[in-house]
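Just one chain is shown here, as structure tokens, and it is the form predicted on its own.
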Amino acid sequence: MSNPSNKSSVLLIYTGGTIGMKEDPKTKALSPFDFSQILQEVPELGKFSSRVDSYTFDPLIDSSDVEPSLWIRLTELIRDRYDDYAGFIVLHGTDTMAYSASALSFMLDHLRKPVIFTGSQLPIGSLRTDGKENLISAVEIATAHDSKGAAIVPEVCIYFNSQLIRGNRACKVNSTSFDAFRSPNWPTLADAGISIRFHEHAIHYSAVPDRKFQIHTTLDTRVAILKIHPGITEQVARNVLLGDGIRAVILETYGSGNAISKPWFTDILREAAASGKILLNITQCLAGEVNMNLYSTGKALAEAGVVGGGDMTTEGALAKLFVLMGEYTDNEKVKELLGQDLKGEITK
């Protein structure tokens, strides 16, 4: 049974990334600081009535080195501490944050507490850092609850530059601006100004609220991504679509889901589908959705056995495939579930 005193406490999980760095005053080199001393760096956290605890991964992980093993460790840590905290904040490098947030959205099932990813573009010790505001607002959101004591945002999110967005709808769009992330196909879950305004209509709640929280850590990562581009060769397409050890391929297509109409490409798709591979169509466009019924090239993909991915992001589609393929050995079952909205990742 959870301790009532923990209903407003938050666990900060530092995996690595810019936010946890400090500049050595002599050498000017960046190095991670001890997150158990977080109040020294962000004394504003002491003004919260909530208790803020921290957990630091050892060794720390550069976000460009993130692998599914990190997601499993995060998921198991949240499971083990689930009853002890009102919410969780994952401090993470920005390069792969959208991938990690997407993955945890599917790996944490029947979630009723906030899991908020955040980070920064400048180290938290820098004079103009965005890390302090991101962290302080993330803590406030993680402990926000309604009149009945339920979490206002019981899902996996990313908080960055005054916006809270769904984790599996996020894309990193800027490497140099504080405005690093966007949710092109779904509205923000909250906006932070003078006050934090929550948009309850946009928040995803468990379809079965009485189900016990559980995790999924069996992942099948045999997925390749093939970006369609002018000049793509038959050999490249064949190597990816018919490659050994590949169970699913995400096709990043043009516009509303179109690809080249050359017979050799369609033949390879048919061969891949006939061999049992899962072929998922995701648009290259930042916003919009795949609709393979609009144009003849899209219809040809559908007839060849390609599944439409709607308005999912590539990051969300990859995570969804990893989890579904880990859960099911039947590719037809995976294809069926790809078209369903499981965690708010696709608009229906």
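The first residue of the shown sequence is 1; numbering continues from there. Please read these numbers as outputs of a predicted model, since none were measured by experiment.
Below, we refer to the form predicted in complex with a small molecule, which is not included among the displayed structures.
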Partner absent here, but in the predicted complex, which of 303-311, 57-65, 285-293, 316-324 has residues with a heavy atom within 4.5 Å of the small molecule? 57-65
With the cut-off set at 4.5 Å between non-hydrogen atoms, does Ser120 touch the small molecule in the predicted complex? yes
Within a 4.5 Å heavy atom cut-off, is Gly93 in contact with the small molecule in the predicted complex? yes
How about Met21: is it within 4.5 Å of the small molecule in the predicted complex, going by heavy atoms? yes
